[in-house]
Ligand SMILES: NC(=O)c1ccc[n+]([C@@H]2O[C@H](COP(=O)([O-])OP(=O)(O)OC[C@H]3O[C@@H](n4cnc5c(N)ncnc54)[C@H](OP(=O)(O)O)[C@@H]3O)[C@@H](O)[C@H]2O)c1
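Read the single chain below, which is given as structure tokens and is the form predicted alone.
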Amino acid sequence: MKIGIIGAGGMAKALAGKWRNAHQVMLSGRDLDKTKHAADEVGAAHGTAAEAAAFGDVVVLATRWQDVFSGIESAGGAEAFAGKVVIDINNPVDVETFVTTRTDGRSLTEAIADALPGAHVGKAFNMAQVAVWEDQDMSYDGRQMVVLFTADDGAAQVISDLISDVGAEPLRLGSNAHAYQLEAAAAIVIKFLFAGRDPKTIFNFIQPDVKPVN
């Protein structure tokens, strides 16, 4: 599978580093020299946002949350994402109040889906810091990390598979109507990270019927 990533920061590099063994991955950014350097570090291709969107069967939105819609426009607008699976990994969280900036009760993911009516949209990878996605083990307190995600039906299986590919266990919360809950939960993690907790601090979903990793 081909994965285009809009962004070339820590999250983009961490996920690309996990996916590149099974997939073709392209990072993108405004500064092509910095983007090339980031891509070379993880063995990915590099290009502009438009090139990454054209390249990917899956497109990951890995900009700052404030830049998501400008990133979409740089990639070519809604038409550039038609027929593709789009993964929103962002958290619209105010880092002074540690609450979501979405005041209408709807998530950033839903707003992205509205802006990309021809795409299959979902939310994943938003509830942990970069260091977690760089971790080769992906087990915490003896259990495999569970990654909650939301998706429309056209994106669900692809996102589930990509979560498995990073070494975690996928668990679909539901449709993107539930993405607001993931963003609000991430705000809790972010608050503790800003308070100085270990970068690998996470919520994990403990399932008594699932045995710990040996």
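Note that this is a predicted model, so its numbers are computed, not measured. Note that residue numbering begins at 1 and tracks the sequence as displayed.
There is another form of the same protein, the form predicted together with the ligand; it is not shown, and what comes next is about it.
For the candidate set Asp67, Asp161, Glu41, Glu169, a heavy atom within 4.5 Å of the ligand in the predicted bound form is found for exactly one residue, namely Asp67.
Screening 138-146, 78-86, 97-105, 118-126 for residues having heavy atoms within 4.5 Å of the ligand in the predicted bound form returns a single hit, 118-126. Residue contact check for Ala16: none of its heavy atoms lie within 4.5 Å of the ligand in the predicted bound form. Under a 4.5 angstroms non-hydrogen atom cutoff, the ligand in the predicted bound form has Arg30 among its neighbouring residues. In the predicted bound form, at least one heavy atom of Ala49 sits within 4.5 Å of the ligand. Proximity of Asn176 to the ligand in the predicted bound form falls outside the 4.5 Å heavy atom cutoff.
Although the partner is absent from the chain shown here, none of Ala54, Val58 and Gly154 has a heavy atom within 4.5 Å of the ligand in the predicted bound form.
Counting a residue when any of its non-hydrogen atoms is within 4.5 Å of the ligand in the predicted bound form, the hits in 1-40 run Ile6, Gly7, Ala8, Gly9, Gly10, Met11, Ala12, Ser28, Gly29, Arg30, Asp31, Lys34, Thr35.
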